[in-house]
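The data below hold one chain only, encoded as structure tokens and taken in the form predicted on its own.
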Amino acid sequence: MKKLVSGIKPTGKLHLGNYLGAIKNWVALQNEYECYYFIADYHALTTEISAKELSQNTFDLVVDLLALGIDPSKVTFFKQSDVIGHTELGWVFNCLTPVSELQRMTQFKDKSGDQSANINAGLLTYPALQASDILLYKGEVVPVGEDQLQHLELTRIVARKFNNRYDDYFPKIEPIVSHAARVMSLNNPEKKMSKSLGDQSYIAIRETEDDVRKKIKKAISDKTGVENLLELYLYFGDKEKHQKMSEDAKLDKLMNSELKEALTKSILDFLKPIQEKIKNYEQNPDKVYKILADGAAKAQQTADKTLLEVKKIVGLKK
């Protein structure tokens, strides 16, 4: 099977937009590829985050992913910082990557605007570390949304530069472009569901029943809002009922209270078994840490081999 590599930053609560946009796809892909899934905790350091927050976010994210269906018996699942080689290979790539390529990255421009008081070097060189994350395992395919293609293209450029300067070593990387749901915000259906839009924007995987009810009840229900809620119901509710409500909406016969009640029930039905699994993992933290340790040990074997070969190729080792 081809090698697939993907990571996720531990920078906040996992929500339904994250699940539908990426994690659901991860779960499906683990049956088709040799998958390396990691928690990108080094990348999280580019934001202003306390040590306590980073540690707790990381543990929570690992638990959430396991509860949502990531299977350690099928994939290599680990923390980025537990594997030696990500930052070392990242430095090699820093020395190959033109600053002009990094400065044109849309994410660098966006993040620089979002955190104007903290435009650190890591924000600029983020894509070089991201290239290392993929190429350290000689990843051949990477699942991405259309808005992430620019970063993946830079990884391809870095691989070509290395191969042209030194040796034809790294494989060609192909994107698996996800056409998954682009879930919109509850309180601003013109924008993508995001933590940056505030707590009322999203429904977290760990959301309480009361909060799910309150958030959906307060959700914008103008024409665009109703379309958004119907779209969300499509993924969690009954298909025939969705069809009926969609037809009623077109005829202006759909009552917002009916739609919101149906959506609330469908989301709660989805979240209940997930949250039960989360609780079980949280009651057995040693099991969680062992999963990470085993995953890191497995990933390290591949990373060690790649890093040794790269060091020989560039002249750092004989």
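The shown structure was predicted, so the numbers you read here are calculated from the model rather than taken from an experiment. All residue numbers are counted from 1 along the displayed sequence.
Form predicted in complex with ligand TRP: not shown, discussed below.
The stretch from 113-121, 192-200, 129-137, 212-220 that comes within 4.5 Å of ligand TRP in the predicted complex, counting heavy atoms only, is 129-137. Within 4.5 Å of some heavy atom of ligand TRP in the predicted complex lies at least one heavy atom of Val144.
Residue contact check for Gln148: one or more of its heavy atoms lie within 4.5 Å of ligand TRP in the predicted complex. Although the partner is absent from this view, Ala40 contacts ligand TRP in the predicted complex, with a non-hydrogen atom inside 4.5 angstroms. None of the heavy atoms of His15 is located within 4.5 Å of ligand TRP in the predicted complex.
Using a 4.5 Å cut-off on any heavy atom, none of the residues of 291-318 reaches ligand TRP in the predicted complex.
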